[in-house]
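What follows is one chain in structure tokens, specifically the form predicted on its own.
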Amino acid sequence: CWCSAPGLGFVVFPSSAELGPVLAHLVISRAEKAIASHGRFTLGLSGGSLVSMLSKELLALPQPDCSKWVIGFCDERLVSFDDPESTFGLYKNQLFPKINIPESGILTIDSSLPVAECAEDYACKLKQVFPGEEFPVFDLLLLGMGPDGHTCSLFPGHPLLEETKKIVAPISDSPKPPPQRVTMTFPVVNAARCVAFVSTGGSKATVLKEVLEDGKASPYPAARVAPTSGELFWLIDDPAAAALTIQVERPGAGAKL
């Protein structure tokens, strides 16, 4: 069994080329499961290398029906949508026009607002989509991890790591540019039905070892991702997994999660 705990899997691939199709199948299978269960699929996206990987691999599959999808962003940079730093802007260029997701199904920030108001506005949008839930319960969140161990825009040593009430928080002093962002908080991340981290490249190897092997004892924000009652997957390539000593699964081609 490749689960070291129920609903937890560390899955290693030779490279991101083998990882990508498995990620796309995970998205589609969780979408089908969610729509069958409660009539819609709520997906939280992150930026970085995930944008091109997800866009390429989802579009390589038979076209899914995305009319019942609702997409939010795990974090977003406070820049205009045509700025190359805009996560929504990247997906808008590479993915959204090519799938049949209604515009009303994509929850974007209002980038014209000051950062604190922008976070409040985005929290209101989420509350409308997830009425009656103290913290929105997404069907699937796709996360990345920086070489410093950050995830979303939750950075090492930052006060936002301790946020327990807000569902979306502003950050105006991000150590990684651009400085102004809004981010989901840990209560939202850990409320999800399924969280999948994608971590590739040798620059992540040392931190990844600590995050996965030290767990909550690790100082890195990514180690705090532990869904309360959901699944957690780590999809990793060989360079990122180079320092690991724990048992991992190495599935063959065409594996499905």
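All values derive from a computational prediction rather than experimental measurement. We number the residues from 1 along the sequence you see.
The protein also exists as the form predicted in complex with a small molecule; that form is not presented, and the subsequent description refers to it.
- Every residue in the set 49, 153 and 204 has a non-hydrogen atom no more than 4.5 Å from the small molecule in the predicted complex.
- None of 89, 170, 105, 144 but one reaches within 4.5 angstroms of the small molecule in the predicted complex through a heavy atom, and that residue is 144.
- Between 95-103, 175-183, 124-132, 159-167, the stretch whose residues reach within 4.5 angstroms of the small molecule in the predicted complex through a non-hydrogen atom is 175-183.
- Mapping the unseen interface onto this chain, residue 75 counts among the residues with a heavy atom inside 4.5 Å of the small molecule in the predicted complex.
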